[in-house]
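Here's a solo chain for you in structure tokens, the form predicted on its own.
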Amino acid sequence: MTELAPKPLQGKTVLVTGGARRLGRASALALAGAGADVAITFRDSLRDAQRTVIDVSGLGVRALALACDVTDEKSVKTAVKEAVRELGGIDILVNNAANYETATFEKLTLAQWDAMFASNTRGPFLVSREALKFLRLRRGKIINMGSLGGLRPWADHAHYCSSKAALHMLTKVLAKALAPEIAVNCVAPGMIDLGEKAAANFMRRMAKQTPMQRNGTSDDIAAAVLFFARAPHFITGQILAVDGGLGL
């Protein structure tokens, strides 16, 4: 019988922000399936976080959930410190926690603008900065969760698109600033169908506009995250659109 190859991320530790639900959960499960120990953060989704930890642990790795508001510096410091204490270090950071909102430009408030940048841009900055010394020790990787909205303008999403475009630029800046020890890349999802009934009609319309004639799934995004987690360290500063060609 042929001996199975070891899991590619066995012995690695991963921190996934916003890992309780949706794309964060899918990414956490994919990384755990590749052998990594996983810490996830959550803000309000305690029950979802507990369920994700159970499912991740079921893949034979260590897992824990940490309460964290990525927009708050003290909360971030505490969460990163606890992740390192429990898992022994950080090899891969996935900056997934973010918000999404639709708002026409003329009705967009300053509070909405600031809140979107706080979660989508300041959050990844704070977590990356706090995890930096631990990532350097292990020649680690940072994987940011961007968006097709950061590459293409969406008329009713000025604050969201701008925040994700800023995250894409932060990815490139960090790739230069943190080299050669740390590789930094970004996954930019297009239209991802998460099975939400309220979005069903919109998703059907978008699928028809997509060259691949379907919307993306959480597994598509998790596979892209896993690609960067496993990729050669020489790959850095890349924004990978996972959109079925919608942005072409």
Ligand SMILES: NC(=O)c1ccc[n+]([C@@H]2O[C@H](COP(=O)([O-])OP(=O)(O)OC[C@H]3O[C@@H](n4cnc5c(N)ncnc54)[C@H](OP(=O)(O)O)[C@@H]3O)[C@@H](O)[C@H]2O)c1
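Don't overthink the numbering: it's just position in the shown sequence, from 1. Computed from a predicted model, the values in this text were never measured in an experiment.
As for the form predicted together with the named molecule, it is not shown, yet the points below apply to it.
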Quiz item: Using a 4.5 Å cut on heavy atoms, which of 214, 51, 62, 43 is close to the named molecule in the model of the complex?
Solution: 43
Self-check item: Residue among 162, 112, 78, 99 with a heavy atom within 4.5 Å of the named molecule in the model of the complex
Solution: 99
Quiz item: Would residue 21 sit within 4.5 Å of the named molecule in the model of the complex, counting heavy atoms only?
Solution: yes
Quiz prompt | 4.5 angstroms heavy atom contact with the named molecule in the model of the complex for residue 145 | solution = yes
Quiz prompt | 4.5 angstroms heavy atom contact with the named molecule in the model of the complex for residue 119 | solution = yes
Quiz item: At the 4.5 Å heavy atom threshold, is residue 71 in contact with the named molecule in the model of the complex?
Solution: yes
Quiz item: Any idea which of 54-62, 29-37, 184-192, 206-214 reaches within 4.5 Å of the named molecule in the model of the complex, heavy atoms considered?
Solution: 184-192
